[in-house]
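First, one chain by itself in structure tokens, the form predicted alone.
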């Protein structure tokens, strides 16, 4: 395992080069977040004091989007899929086929390193913004719920990575995977809870989405923190989330094994 710790260490050093880029990305990412929060504040202004939308008070709704920003910073894939596709197209994976290094584990180590640096840099603008809205930010229901929230966030990060890794492996068969990556991103953005809490959807639609992997990429851990998901629903959701992680792990392994059989590289 020491070689993978070395990969993480090297990845952290490489990602430090982009720390200013990460800072500006996190800072400018707050602008649409501010617009969304102000929109919901206007919506709640037209309602009675203490009223709620789909079980969310104004503080709960604002906290939802703040938590979305935090979870997204911790778990989002940052160009890893593009880099994997490029490695395949340019023949860079040949070196991994001749060494005792598992490419999936190697890429996951780089993903962890990238998230570590991004979170460290984004902590400044995001932390200041959360402090500015601290009166609206609600805390977790209790300590056990917070622990389950952290566990779900970890599963979310693994699921995000495995889905992106699998999608990038399509580069074994097609020259350009950008269309597939954008389609996956659009589905994640809409069905994952980026735009709005999935609770506000019709119950039938919400229940159907709960059996897909998308809510577990963002919405589910946030709903645990806010107490929107509680009791047996938490454990059911964690089981489904773990199921999708296992499924995409084996799918990634299967697609990799089939893709390697089609892979060819020339040159020296």
Partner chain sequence: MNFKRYSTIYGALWRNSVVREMGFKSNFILWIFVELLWFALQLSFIGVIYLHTDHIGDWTKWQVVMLIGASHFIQQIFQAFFLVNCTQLSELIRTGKLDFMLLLPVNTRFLISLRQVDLGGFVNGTSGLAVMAYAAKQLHIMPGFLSIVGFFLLCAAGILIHYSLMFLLSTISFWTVRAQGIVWGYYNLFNISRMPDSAFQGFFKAFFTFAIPMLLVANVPAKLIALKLQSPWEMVLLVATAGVCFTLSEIGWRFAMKHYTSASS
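Positions refer to the first chain, counted from 1. Values in this document were obtained by computation on a predicted structure and should not be read as measured data.
As for the form predicted in complex with the partner chain, it is not shown, yet the points below apply to it.
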property	result
Contact check for 24, 28 and 186 against the partner chain in the predicted complex, heavy atom at 4.5 Å	yes
Partner contact for residue 43 in the predicted complex: the partner chain, 4.5 angstroms, heavy atom	yes
Proximity of residue 120 to the partner chain in the predicted complex, heavy atoms at 4.5 Å	no
Any non-hydrogen atom of residue 98 within 4.5 angstroms of the partner chain in the predicted complex	no
Contact of residue 240 with the partner chain in the predicted complex (heavy atom, 4.5 Å)	no
Option touching the partner chain, based on a heavy atom within 4.5 Å in the predicted complex, out of 133, 112, 154, 190	190
Partner-facing stretch of 232-240, 35-43, 207-215, 66-74, counted where any non-hydrogen atom is within 4.5 angstroms of the partner chain in the predicted complex	35-43
Those residues of 1-16 which, in the predicted complex, come within 4.5 Å of the partner chain by heavy atom	none
